[in-house]
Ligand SMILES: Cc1ncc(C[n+]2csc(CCOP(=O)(O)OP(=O)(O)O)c2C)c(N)n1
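What follows is a single chain, given as C-alpha cells, in the form predicted alone.
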C-alpha cells in the first residue's frame, strides 16, 4: 500500500506539472516529469519544513536551481500544504500571479510565493545561492548553537548548473569549506535544449566533484524510490563534505512520444501527448488539475511541519533562558538590524586629512564590528586591496574548522556573488557583502542583477573605482562600470567623495537601506573635508539624500559644478577658479543617483534650481548624466597605463577643463 500511494502521488505530480504547462501553453515540462520521484522523496520523506510557516528559521532550505522546471516546485508546494492554491497553479506564467515562469523570491508582499527561497532561472545561480545558505547555517550554528540552528540545504540541479562557470566556482568553494549540510540532486538526463548533452558535455561528473572535495552518490534509475531514498540518506549522513546525488532520469518520462528528447524540454507537450501520458500512467485523460483525495492526504505535510516546528520552539524557549546574552543578538540578526550603539560608532577618528575611501571603509568596519556580529562577507582574493575585513585575525577567518566572519572567496567573483545572495536569502546574516575591484563587477553581474531583482539586503563593495587607479592601465581601470551598475533597477550605487561620506554610506546601508547597495571606493587618497556648521563644507549626512549642496557659492550662484567620488576634489578646485573669475559657483556632491531620485521634487529643485547651468565631472563615461545636468566632463574611451595624475590630466579630468565647460554654458 505504501508503494501504491507513493506511485500515485508521483503520477499526480507529473499530471499536475503537465497541466500547469499545457494550460499556460508555455513552460518546461521535461524536468518536472523526469524528476518528480526525486521531488516526492525530498518533500515527503526527507526535508524538515513547516508549510504553515515558510519563514521558520530552522527549516531545511530547498532550491530549484534548474528554475525552468518551475512547474515542479509549484506542484510540490501546493500538494504539501503551502498557501499556493489550485487557482495559482492555473495562473502559471500570467500577469500578477505568484507562479511566474521561473521561481521568484518576490519582494512585493502581494506576490510572495511561499516556499520559494530564491529567484532562479539563470543557470548556476541557485547552485551558488545554496552554498551561501549553507555558509550562513554553519556560521549561525556555531554562533548560536545547534539547538536553534541545525538544518540542511537541498537543491535540484541540471547539466546547465554543472556547465556554467558560476556552478564550478561555487562547487569548488563548497568542497574546500567542507559544507557538509549541502545535498544537491543532479538531474542527469543526457538532454539539453540543443539536443543530447554529448554535443558539448561529456566529462566525468563524479570524478570532477570528488576532485572538488564532494561526496558523490549514484542512482541508476530515478523511479527506484528505495535506491533514491537510500542514496539521499547516505548523503545527509555525510557531514564532512557536501554531497551530489547523481540521478539518472529520462526527460519528459513517461510521455510516450517525447520522453528522452529535447522536444520535452522547453515547450508544452501538446494536448494529445498530455492525454497519452496520463493514459500510460493509468489516469483519466479527461481530468485536469486533479488530485485524488488519498494523494492530497498523503502529501500534505502541514501536521508534520507543525510538530517539527513545535519541537524546535521548545528548544528555542529553553535556549533563550539558558543563553540570555545571545537573545538580543539573535533578534536583531533575524530582523536585519545592527545592535544598539551602531550609529555612535560612525564616523571613526580618521587620524589624517587625506585617506582613500577604501581605507576609510576599512576603518568604518573596524569601528562598527562589535555592533554587527552576524555580518559576514569577504573578497575575491583581494581583501588586502579592497580593505574589506573585520579585525580579529585568524579567529575571524571562515575556514573548514572555524566559520568566522571574513570569507576568502578566492578568485571566484561570480561564485562569491551567488553565495552572498544565498547568505542574505537565508536570513540571520546582517547585510552580507562581497568585494572586488570595480572592473571585475562584470564577472559577477548576473548575481548583482539577481540581488536587485530580489531586493536582497547585500553590499557589493567595489574599490579601485576609476582611471585614478593609474599604472595598472585600461584592463583594470573602470570607465563604463558606474553607468552599467546604475542601469540595474533597484540597485543603489553610492560613490562617496571622502571618508565622512564613506562612513555615511555604511551607516545608511547597515541601518536598513532597502535592497542591495554597490559602493564605488577609491584606491587613491582623497581629502577629508572640513564639514559642519561654521566649516567650509556641509555635513556628509547629505549623502542620505543622494545629492546635496556641499559648498554654496560666494554670492547668488551663477553655475553649479557636480562631482562624485574622487572628482569632487576636481569640482571644488574648478569652483574656486570660477569664483576667482567672477562666476559664483555652487558645488554639489552627488554620490547616489538612486537616493536622489527618491527625494521629492522640491528638494531636487533646491539642489538644481531652474535657470542655473550645471556641469558634472566624473572619471567614467557620461551616459546618464544628461538626466541631471546640462553638460558632462567625462571619459569616453578606455584609460591608460601611467601615473594617476597624468592619466587624469591627459583624459581631461581637470579643474581647468571643468571651469572651461562651465564658462561655455554661462556665456
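Numbering follows the first chain given and starts at 1. Computed from a prediction, not measured in an experiment: that's the story for all the values here.
Quick note: we don't show the form predicted in complex with the named molecule, though the next part is all about it.
In summary, among the residues 273, 104, 159, 389, the only one with a non-hydrogen atom within 4.5 Å of the named molecule in the predicted complex is 159. Scanning 523, 278, 265, 481 against the named molecule in the predicted complex with a 4.5 Å heavy atom cut-off leaves one residue, 265. With respect to the named molecule in the predicted complex, the three residues 31, 164 and 192 uniformly fall within 4.5 angstroms at the level of their nearest heavy atom. Within 4.5 Å of any heavy atom of the named molecule in the predicted complex lies no heavy atom of residue 61.
Put simply, residue 540 is far from the named molecule in the predicted complex: not one heavy atom of it is within 4.5 Å. Among heavy atoms of residue 584, none comes within 4.5 Å of the named molecule in the predicted complex.
Interface residue remark: residue 118 is not counted as part of the site for the named molecule in the predicted complex, having no heavy atom within 4.5 Å. Across the options 360-368, 207-215, 500-508, 120-128, residues that bring heavy atoms within 4.5 Å of the named molecule in the predicted complex belong to 120-128. Residues of 45-70 that come within 4.5 Å of the named molecule in the predicted complex, judged by any heavy atom, reduce to 68 alone.
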